[in-house]
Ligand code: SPV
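The form predicted on its own is given below as one chain in C-alpha cells.
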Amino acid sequence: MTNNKAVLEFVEQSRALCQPDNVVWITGDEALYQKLRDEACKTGEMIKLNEELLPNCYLHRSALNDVARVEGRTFICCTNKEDAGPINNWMAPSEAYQKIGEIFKGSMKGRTMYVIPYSMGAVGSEFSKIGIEITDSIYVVLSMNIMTRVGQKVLDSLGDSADFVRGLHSKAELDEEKRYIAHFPEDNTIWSVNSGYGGNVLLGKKCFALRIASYLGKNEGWMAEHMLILGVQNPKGEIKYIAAAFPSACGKTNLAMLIPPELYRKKGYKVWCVGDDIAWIRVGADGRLWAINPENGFFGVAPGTNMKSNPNALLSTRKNSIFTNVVHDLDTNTVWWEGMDTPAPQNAINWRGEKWDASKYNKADKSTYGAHPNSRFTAPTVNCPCLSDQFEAPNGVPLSAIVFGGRRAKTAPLVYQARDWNSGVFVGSIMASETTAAATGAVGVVRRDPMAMRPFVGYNMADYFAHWIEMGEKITNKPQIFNVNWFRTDDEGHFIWPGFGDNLRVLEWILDRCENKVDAKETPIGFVPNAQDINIEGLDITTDVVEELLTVDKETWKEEVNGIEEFYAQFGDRLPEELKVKLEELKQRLN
C-alpha cells in the first residue's frame, strides 16, 4: 500500500510490541469491510439489524465497565508538567511509554492487527491532517470508516511525508484498572489501551481532532475547537456561517441540525449543517476566519433523539450506521432508546445484553434503563438531510460569528454580544453550566468549561487562552463573538425560552448585529438586544417576557465574579494579562 518509511516503521514497531497473528491494511475496499462485518457478526461483536428498515446497520455493545470517555484515565504526556496545566492529568512521556508499553506487550496475540490510514478533513485539503490508527478491534475499523476518510487515497496523499499522527489502540483485556488514553503532543502520538468505547478508541475524534490538534494549532497558528458549524440561509439566498461551542447537554447537535420554525420556513429561511462537533479554524487570505469540519460522521448521543427533538439527526442514522449500547427490539430486529417517539418494545434486550422489561422503567433509576444514558449512534455525515453543500469545501466556510453557550438558570441573558475580540475570549473563558438533577443529584453546581474545551485541550489551558488572544491579532476581519443561554428559568424552574427551532430567532439577531442592521443596549457584561428586535411572532410569549430574558442582574454577576476569580486563580502567572484586565473592567462596570 505504501513505501513511506515512517509509516512502515510505525507499523513494524507496533507489530513487534503487540505481537498479532496477522496484519491487515484497510484499503477502503468495500469487499474487505463486508468481510469484517460478517466476521464481527460471527463472533458476536456486532449484530446485523433489519436490512429493510435499517439497511447496512449494526448493533454493538461495549463492555459493562466501558461505556463513556474516562477523564480520570486520560493523560497529556509532555516533558514539563506545567505545559499540561492544572486541568489535565499529566504523566512524563518516558514513564507513560514504559508503563503503557508493558500493557501493550503481546496484547494482540491470537488477534489481527488492522492498519487504518485516515484523513481528518477532505483528502488533499491544506486544512486536513493525516493519521494512522492501529487497532485490534473490528468495531474501530468500521466506525473509523464512518467517522473519517479512510484508505489508499490517504496514503497516496501522504506520499513520503512523516507528518502524520501515530495512533495505537488495543482492547487488550478491557481491564479498567489498566485503561489509559495517553496523548504525546510533542511526538504526534496517541496510545489507547483496555477500552473498546468509541470516545476512547476512535482516535481521530477527540484524541486527534481536539487534544493533539489544539497543540498543533497553537504551534502552527490555527485553532482546533469543540464547535458545531452551521449556515443560515436568508430569503435572498445569502448564507452566513456561525461556529458555536456548548458543553454537553446544552443542545449542540440540535442547533447544528436546526429546523427553522414554520414562520421562517415560509419566508424561505434554511439552515445547513457543516458539522456538529469539531471545527478547525484558520485565517484566510481575506483576513477572515475560515472553518472546516474535519470529521466525516456523527457520533451522537442516542437517548432523547427523536423526530420532534432532532429529526435530522434521527434520519441520519437510517442507513450505514452503527448503534452502541441501545435497546435491541427482537420483534423487528431494530433499535430503540429512551426518548424515542415509538412505544418501548415488549420483546427486547437491553444495553447490557439482558432481557429487558419495559414496564419496570423508572426515569429516576438508571439501572432500569433499556439503553445506556450515553448510548451512541455512529452515522455518516452524508446521510444528514440538511448537510451543507460546503461540507467538503477544501478551504471551509467563512465565519460571521462565534457563539458560546452554557446552561444557566438566572445568570446569563438569552443572548449578549462581546465588546471586542479579547472581551469575546473572556466570555469564552468563563463559560459554565449548572448541573441538573439528572447529572449528579446536586442541582445548580457551576462547572466551568471554557470554550467547551475543558476535557479536550492538549496543553495548558492558560496558554490556550493566550493562543486565542494571539489569533485575534492575526485576524484583520474578525467575526463577532456572542454568548447565548437557552436555559433561563422562571421561579418555578420552568424554561422560559422555547428553544429548539426557535433558537433561529436569536441567530437572526446575531447575524443582523454582525452587519450592523440592529441596535443593542450596553450592559456591564456586553451588548444585549432591544426586546422588540427579537422576533416573537407566532410564539406564546410577550415582549415583556423577552425583556425579562435579557435582564442582567448586577448582584448575580457580582457573585459570578467570585467564581471566575476562583477559577482563574488555578492558572497562576500563566493566565494572560488581557483576561485579568477584562475581569477588572467587568468588576468596575458592575460597581
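Residue numbers run from 1 along the displayed sequence. What you see is a predicted model; the values in this text were computed from it and never measured.
Another form exists, predicted in complex with sulfopyruvate; not displayed. Remarks below refer to it.
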Among the candidates P260, G151, G85, G199, the residue which, in the predicted bound form, approaches sulfopyruvate to within 4.5 Å (heavy atoms): G199
Partner-contacting position among F456, Y241, W336, F184 - heavy atom within 4.5 Å of sulfopyruvate in the predicted bound form: F456
Site test, H226, S248 and R376 vs sulfopyruvate in the predicted bound form, non-hydrogen atom cutoff 4.5 Å: yes
Stretch from 202 to 210, 186 to 194, 505 to 513, 137 to 145 whose residues place a heavy atom within 4.5 Å of sulfopyruvate in the predicted bound form: 202 to 210
Contact of E434 with sulfopyruvate in the predicted bound form (heavy atom, 4.5 Å): no
Interface membership of F299, sulfopyruvate in the predicted bound form, 4.5 Å heavy atom rule: yes
Interface membership of R37, sulfopyruvate in the predicted bound form, 4.5 Å heavy atom rule: no
Non-hydrogen atom contact D277 with sulfopyruvate in the predicted bound form at 4.5 angstroms: yes
